[in-house]
Ligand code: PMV
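The chain below stands alone and is given in structure tokens; this is the form predicted on its own.
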Amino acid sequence: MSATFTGRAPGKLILLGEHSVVVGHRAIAAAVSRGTTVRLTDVEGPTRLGESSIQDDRLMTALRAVLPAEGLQVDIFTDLPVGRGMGSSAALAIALLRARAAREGRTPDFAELHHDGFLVERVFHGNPSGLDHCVVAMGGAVLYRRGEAPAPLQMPSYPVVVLDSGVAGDTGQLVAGVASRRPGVDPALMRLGELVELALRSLHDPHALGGIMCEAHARLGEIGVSTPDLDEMCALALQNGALGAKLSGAGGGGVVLALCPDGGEALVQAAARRKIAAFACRLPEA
């Protein structure tokens, strides 16, 4: 029987600070309790892709960036929505590197995951910031500012519900759109940065944190990155027990993150009745 080796990595969500982080403010991101598993199997012949729940023409290029050209079958399993700002490519990168290290009989350190994670992420994103695969590799919650090393952040692991708009937002286009609306949107960007600082003092108070999330979503609407569908999903969340809800990521689509200390069962059921894909998980990963 051929030897097999596995690696797993979580996805990620931005709790607060998207777009304001582009202009120098801090942001809070966290790993979630859903992710990606990669299985490597020793085989004869060229390295190849086997079973995969991620369909992307760039996958083999990404695999070749960090794996030998011969001798492996790669199987990929994920329960993350792909292309929705949840770090699906970063989770793939880190899971792949952990499986590679397991095959070599060792545990990779953060420096290796960070360096080689870039090799995979660049295949999908060209010139990524590095935030996604840093958060995925570190796990837990992370405080991030551009130009600084991400720092671990202590916060409770909250039950949340993720609602999927079914639309992939174009991050580059959305960031450029916000830039084109400056300085008119600068007050909203400043407030988004202030909300991160308020949240840092409220991470153990879910009611306060929920209120901060709701205001953040309103400010993201002011800078032009929310959509009627995202606004509607936030309203649905608040009507079904969420303490706070906001878009997570660049906007224009992607997902809504709802803070649901009761576990969010009512919200998941309400979303299903509206034909909205939704699932419960924990943030940060427990």
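Each residue number is its position in the shown sequence, starting from 1. These numbers come from a predicted model, not from an experiment.
Just so it is clear, the following notes concern the form predicted in complex with the ligand, a form of the same protein that is not shown.
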In the predicted bound form, G244 touching the ligand (heavy atom, 4.5 Å) = no
Would you check, heavy atoms only and a 4.5 Å threshold, whether L267 touches the ligand in the predicted bound form?
-> no
Taking heavy atoms only, is G249 within 4.5 angstroms of the ligand in the predicted bound form?
-> yes
Verify the contact flag for S129: yes if a non-hydrogen atom of it lies within 4.5 Å of a non-hydrogen atom of the ligand in the predicted bound form, no if not.
-> yes
Among 186-194, 169-177, 104-112, 211-219, the stretch whose residues bring a heavy atom within 4.5 Å of the ligand in the predicted bound form is 169-177
Would the ligand in the predicted bound form be within 4.5 angstroms of a non-hydrogen atom of every residue among P159, D164 and A280?
-> no
Checked 10-29 against the ligand in the predicted bound form; residues with a heavy atom within 4.5 Å, sequence order, are K12, I14, E18, H19, V21, V22
